[in-house]
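Next up: a single chain in structure tokens, the form predicted on its own.
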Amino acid sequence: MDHLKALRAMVGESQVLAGADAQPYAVDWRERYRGQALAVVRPAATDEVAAVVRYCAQHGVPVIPQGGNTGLCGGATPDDSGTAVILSLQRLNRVRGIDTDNDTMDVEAGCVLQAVQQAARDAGRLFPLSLAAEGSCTIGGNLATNAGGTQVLRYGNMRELTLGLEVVTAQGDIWHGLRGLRKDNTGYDLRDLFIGSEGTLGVITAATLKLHPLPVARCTALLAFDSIESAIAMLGRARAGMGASLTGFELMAGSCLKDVVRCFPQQRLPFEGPSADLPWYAVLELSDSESEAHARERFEVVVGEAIEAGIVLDAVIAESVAQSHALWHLRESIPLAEKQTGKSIKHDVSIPVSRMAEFVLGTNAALQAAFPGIRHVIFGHLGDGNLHYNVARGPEWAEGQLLACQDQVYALVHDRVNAVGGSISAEHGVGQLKRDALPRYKDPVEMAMMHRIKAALDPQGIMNPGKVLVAD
């Protein structure tokens, strides 16, 4: 059977790539996973997606859905068998409509997140999902991993930001589930089942997203701390003093910001003297719906009282939009600096905030005892308990030496995450990276139900095989 000829008949000759042309799609963003694909297929409409999946189902061809290919867990990379079709959704990139009365927008899965943000802004609304890869990641990928980002504290992750879905099933049928309803209790919540499933149950082709009013004013500050306990105390004060206006609280180890400044000399840490060499920092942001004056007064009272109490050692409050962007740019550049300094062992974990200090300090000590001289690259969304707890090589470590310890490092960190009631995946998904570890930490009954759902919706096992679940 000439699969390439059949697929080209469905989507066009130029939209089916094979051989060397397909190879860039078969490598993940971190360059940790490399596979081989039968072809990369780039449909331009939901009907074409359905036709491709229907064909693959009829012939038992595995399908790997892929958006912007910015994932960190190998969830959109094929194995090395060369039998799978990578289904790239980047040409499904239309904003189908915006309903400002209902505060919703319908967008296709291949829309880049930044374009969706701008389309909402042009309509006088806010789509609040924000993360470092927003210039290249797509809505479909965001949905597949239930992405969170920097404003989950106020607005929630993708599951909370989505009302309806359009999905191509593993059989090639189309579920027309685009609905802008905030209340719809007519059976099982299939929407939430597909969100976060990483393409293992079907292909999300479009979504109805929630919109919010644009804030009247924002206040942003970079805060400096002498301990992680002080940062957690500040989070509590910010919640109490700012309430629902608290938009972001991003924790960063001082070493992370030093890496950013070293890798990107055009950026700088806006502190001098001892404040430029502290172990912890945080970006704090408030979004206000009343006025600039109201926002500023509230913000300065909370920060000022924390300084007087000795919780915050120093603070820089942005005086302009440009200064606010510069503070956020420091935070958003950490993953880029980390990639530039070499491969690392990444953890995307979720920890109860009440046990965050216990986890960080105890795990740091345990890792140093087991692997002396490694570096801790710690940053993340403290406000919602999501920590990117990464391990990098120290001066005396070679990259290969560090990666050879990967399994032991994962086991140590994940065991400690589990011990404090956390999750080994907060927003990056499971993919290939955490697939084999999942049964160790999830309830056996929960795992059994997940396998039954997979078998019911994808009985042939063609949808993104080898991701999330170990094959039965």
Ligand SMILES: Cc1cc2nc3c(=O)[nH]c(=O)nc-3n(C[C@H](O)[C@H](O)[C@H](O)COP(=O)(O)OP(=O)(O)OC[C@H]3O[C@@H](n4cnc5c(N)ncnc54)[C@H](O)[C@@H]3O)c2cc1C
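Small disclaimer: the values here were computed from a predicted structure and weren't measured. Residue numbers here begin at 1 and follow the sequence given.
Below, we refer to the form predicted together with this ligand, which is not included among the displayed structures.
Asker: Where, among 70-78, 288-296, 179-187, 229-237, do residues come within 4.5 Å of this ligand in the predicted bound form by heavy atom distance?
Answerer: Looking at the other structure, the answer is 70-78.
Asker: Among 315, 278, 133, 377, which has at least one heavy atom within 4.5 Å of this ligand in the predicted bound form?
Answerer: Contact with this ligand in the predicted bound form is made by 133 alone.
Asker: Consider the chain as shown here, without its partner, and state which of 144, 85, 170, 209 has a heavy atom within 4.5 Å of this ligand in the predicted bound form.
Answerer: In short, 144.
Asker: Using 4.5 Å between non-hydrogen atoms, is residue 66 touching this ligand in the predicted bound form?
Answerer: Yes.
Asker: For residue 381, is any heavy atom within 4.5 Å of this ligand in the predicted bound form, or not?
Answerer: So residue 381 counts as contacting this ligand.
Asker: Any chance residue 137 has a heavy atom within 4.5 Å of this ligand in the predicted bound form?
Answerer: Residue 137: yes, in contact with this ligand in the predicted bound form.
Asker: Spell out, yes or no, whether the shortest heavy atom distance between residue 109 and this ligand in the predicted bound form is within 4.5 Å.
Answerer: Yes, contact at 4.5 Å.
Asker: Within 422-454, which residues have a heavy atom closer than or equal to 4.5 Å from this ligand in the predicted bound form?
Answerer: Heavy-atom contacts within 4.5 Å come from 427, 428.
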